[in-house]
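In structure tokens, one chain follows: the form predicted alone.
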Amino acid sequence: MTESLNQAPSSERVADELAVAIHEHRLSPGTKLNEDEVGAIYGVSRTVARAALQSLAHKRLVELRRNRGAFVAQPSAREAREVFEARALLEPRTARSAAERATDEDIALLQHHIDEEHAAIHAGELGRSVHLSGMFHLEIARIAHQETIAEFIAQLIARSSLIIALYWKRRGALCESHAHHALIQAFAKHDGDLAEELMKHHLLDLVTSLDLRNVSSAPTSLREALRP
């Protein structure tokens, strides 16, 4: 993971790699992100590490606690409900727009996301499968040509990953769900009504897969979580 000083990653790249580790549940909610340790792992200065953590805090993936440092965010049950309520307002209409605009290339890309997600599930990489599922939803916003809404959805999906890490109670639902396949079929038919309805039910199913009680997640060792 650490690079030579001449090729040291920027704060943006460090932030991106930490974000993927969070999305894939390699870094658990509540994990302390020590600036010096982050810097040592990535071969960057403490200043660069701090900038990366501040960037993640802006995206609400990290919490900066006064006199205590940075930690992977731990959304409350109330925040979890708010996030999925917001997604339920935005994503069904986005799915309708995507169905009206989807090309054959778009359909193929979405199918590729599903294939990668299933491969992750079969490999036992449930955190990675959740991350890929989120990317599927972001692709739908892109296909819909709704850049402003896509930015909001990206933030909500990032927070959803943390919520799932904390409150997921039906991990088998990952394997049971055919919602993404059904959405692709609706897009292929350019059926906006069906795509909107399917997305509503899909998000509702995600919420019912959560046990929204305040719990804490066991912290993860940074070096173990971020090793190549």
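Numbers follow the displayed sequence, beginning with 1. The structure displayed is predicted, hence computed values, not measured ones.
Below, we turn to the form predicted in complex with the DNA, even though it does not appear here.
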- Do all of 32, 45 and 69 end up near the DNA in the predicted bound form, with near meaning a heavy atom within 4.5 Å? yes
- Message: Given the stretches 159-167, 189-197, 34-42, 55-63, which is the single one in contact with the DNA in the predicted bound form, using a heavy atom cutoff of 4.5 Å?
- Response: 34-42
- Spell out, yes or no, whether the shortest heavy atom distance between residue 10 and the DNA in the predicted bound form is within 4.5 Å. yes
- Query: Can any non-hydrogen atom of residue 181 be found within 4.5 angstroms of the DNA in the predicted bound form?
  - Reply: no
